[in-house]
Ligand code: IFM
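Okay, here we've got a single chain as structure tokens, the form predicted on its own, with questions on binding and movement later.
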């Protein structure tokens, strides 16, 4: 698929791909790794659409060198991966598992040998099961255990990791993992899940302090954002949309940037202790923005346990997840962040942006995915437009390098630039991989690798 050349991006713009440990590593019981909440969840009948689990996933634990070669061939300048807490600390605390840290050291060193910046996420939802058994993120103590874990990982890798990301999408982990029960650990607390939000943010703040004391490398958090669009003009619809925006987009941003929690949500904030908000508001070097789609919202039916209802938005192409493809939403979101937070807003990097399609090899073994090319082209242009509006965006990471194990959807959704045969592990770059390689080379003003 041919597209017009992308506009020029500034020198030093970070071009990356993202993954997460449980979705690609496999080796679930290898070399001393302990169980996580996702191991427990995925092995519970009825939790995952296709009944699969991440025991093997993409076997990245054993094939990481092959995957680094794919990144080098793509020409990316950064790789965002996550460290599996239970691989490093099998019980979540206490004695370190040396083979676990050894693996991440090999990965980081392999990236640096190829000129690729290691960007490490410390928590991408795979909480050690023993920590969950002790209360998980409902327990304030977990924030302190997280900071200890951050410190010991930084002690080993802090001289080489170029950017630390504390948490990935704490809103999604709270809402799907503890609000509705669709994700691990499978709790359905609805609005009683607020302590999970607060303790994640407290853990973030404590980890920022630990990382800075240990290694001084730049620190970020990766939040999931979604522009909220009311479906309907009734005042009740507008109020529902405003409430959902406060929940999804501001609950995990306002306190990070020193504004406290949105009061209109009416949460019981008794878990918030004196000094907590100061810890949470530790200055960030980067705000990670994960963007997939806007959200339609209207007032709920009478008797609903929630003050809003999420509804489809018409008029957009749709992914295999049935999400609207809306590059205009990314520009809208970046402009909103810029307007709302002004000088308090740190530089932004798009830490995830991607799409799932039902990609299959053709008769020649190639994997054409023109819809993904169109998605990436549109969203990169949206980022450039936001930059022209004055938003300080310094990087874009595609989700994902590989087709992977997609949480509760199992192996049914493919997000990768590289097709993975889950039976054999064979990797096949898709047409979007080739397109992005050319686009990155042009943007970096150098020949593709």
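All values derive from a computational prediction rather than experimental measurement. Residue numbers count along the first chain shown, from 1.
The same protein also exists as the form predicted together with this ligand; that form is not shown, yet it is the one meant from here on.
This ligand contact at residue 397 in the predicted bound form, heavy atom, 4.5 Å: Output for residue 397 is no: heavy atoms all beyond 4.5 Å of this ligand.
In the predicted bound form, is there a heavy atom of this ligand that lies within 4.5 Å of any heavy atom of residue 406, even though the partner is absent here? Yes, residue 406 is a contact residue.
Quick one: is residue 168 in contact with this ligand in the predicted bound form, heavy atoms, 4.5 Å cut-off? Yes - in the predicted bound form, heavy atoms of residue 168 and this ligand come within 4.5 Å of each other.
Since only the chain is shown here, I'm wondering whether residue 321 would be in contact with this ligand in the predicted bound form (any heavy atom pair within 4.5 Å). Taking the distances in the predicted bound form, the answer for residue 321 is yes, it comes within 4.5 Å of this ligand.
Can you pick out, from 369, 126, 245, 352, the residue that has a heavy atom within 4.5 Å of this ligand in the predicted bound form? None of the other options qualify; the answer is 352.
Pick from 103, 292, 79, 149: which has a non-hydrogen atom within 4.5 Å of this ligand in the predicted bound form? For this set of options, the contacting one is 292.
Hey, of 150 to 158, 256 to 264, 326 to 334, 117 to 125, which bit sits against this ligand in the predicted bound form at 4.5 Å between non-hydrogen atoms? Selected range: 117 to 125.
Since the partner is left out here, which residues of 413 to 435 would have a heavy atom within 4.5 Å of this ligand in the predicted bound form? Counting only heavy atoms within 4.5 Å of this ligand in the predicted bound form, the single contacting residue of 413 to 435 is 415.
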